[in-house]
Ligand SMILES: Cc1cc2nc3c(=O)[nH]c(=O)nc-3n(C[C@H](O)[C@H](O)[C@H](O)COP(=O)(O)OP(=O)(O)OC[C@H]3O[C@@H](n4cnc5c(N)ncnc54)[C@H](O)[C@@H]3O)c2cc1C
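Shown below, as structure tokens, is a lone chain in the form predicted alone; questions about how it binds or moves come after it.
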Amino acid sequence: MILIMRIDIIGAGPSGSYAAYLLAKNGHDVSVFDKKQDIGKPVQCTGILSEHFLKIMKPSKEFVLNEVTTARIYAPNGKSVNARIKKNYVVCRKKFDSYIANLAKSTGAKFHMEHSFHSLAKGNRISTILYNKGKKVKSSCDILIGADGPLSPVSKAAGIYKNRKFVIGSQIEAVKKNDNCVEFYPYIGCYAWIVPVNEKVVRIGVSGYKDTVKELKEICKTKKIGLTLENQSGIIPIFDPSVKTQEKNIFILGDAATMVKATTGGGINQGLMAARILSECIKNRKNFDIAWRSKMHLNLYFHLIAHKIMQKFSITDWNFLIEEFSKPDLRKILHDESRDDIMKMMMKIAIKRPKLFIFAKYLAI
């Protein structure tokens, strides 16, 4: 027998709305609060999903703009590796977020936009204060879920925010003819990308600890990017292995819990997966912090290790690594293994190229 509870969720992004959908589907009284006026705006994400998305839900024409099966990885010397990858989905974040929110609404979840979380008081029930257009709004719930982004006011109010690190992502959507191939520049900033939206439009961006706007302007100039259609930017959390995601009946997930791949900045699949795990934990009265770590922690940790190593790379290192990946056996690994399952990918690469262990020296610096 399921104990019906009153659940408040702060944040109407994919992880918050998906948690609302699953929890309302289980019969709980769910309310979602978000500070934005419209779901999915402003866009602060590249919006490309690996094939792991298929483990969570089916892609829909309602939000999928493009499908990509080729990646091109560039080295500083101008050489590149073309690799076949499993089908990736380029989505419209506005439509994608709205799609998941509508799923939640269909199961009875209630959405309240332009409601900014302010503070909370702990107890057997949680009392929260929000502000809607300058007016104080009070809410009371049995469970509070923070899916409220990298700076997560909920985790701060709950005393579990701690010290966090971020990178800055600067991106534009612009006119540029392309061959429907994702381009990746791992040596620019922390990483840079060009993702095809369609045959005439791309999303191009740079992530880094500093100077991302300058780096973005440089790559746009080099690639002869055309008319800018939209500017998109935001901060991206670096995964924290010690992050605390549960404080009694308060939970955080997604970007709010730093559940982001440090090598690419991707976190949609991880946020959705965490929402599913949380709904099961609430249903079966299990510890969420233990449950998500058992399924997600190792891969996120390996992404973090790879990120730390690559931040120490020299231009020579990058040229050498990309040259190695031009070989057929490593290109096959890039196709066969998902970037969401980086631990398995790195193990296979290590078996094929033991000499790449030389880069482990950077962990000691």
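Start at 1 and count along the sequence shown; that's the residue number. This structure is a prediction, so every number in the text was calculated from the model and none was measured.
Unshown form predicted together with the named molecule; subsequent notes refer to it.
Think of it this way: in the predicted complex, the named molecule has a heavy atom of just one of Ala306, Leu334, Ile48, Leu300 within 4.5 Å, and the residue is Ile48. Though the named molecule is absent from this view, in the predicted complex it lies within 4.5 Å of a heavy atom of just one residue from Gly226, Gly108, Pro76, Gly234, which is Gly234. Using a 4.5 Å cutoff between non-hydrogen atoms, Phe33 counts as a contact of the named molecule in the predicted complex. The named molecule is not drawn, but in the predicted complex it has a heavy atom within 4.5 Å of Phe117.
Using a 4.5 angstroms threshold between heavy atoms, Ile268 counts as touching the named molecule in the predicted complex. In the predicted complex, the named molecule stays beyond 4.5 Å of every heavy atom belonging to Gly208. Considering the named molecule in the predicted complex, the lone stretch of 273-281, 247-255, 157-165, 135-143 in range is 247-255 [heavy atom distance within 4.5 Å]. Contacts between stretch 15-33 and the named molecule, counted in the predicted complex as any heavy atom lying within 4.5 Å, involve Ser15, Gly16, Phe33, listed in sequence order.
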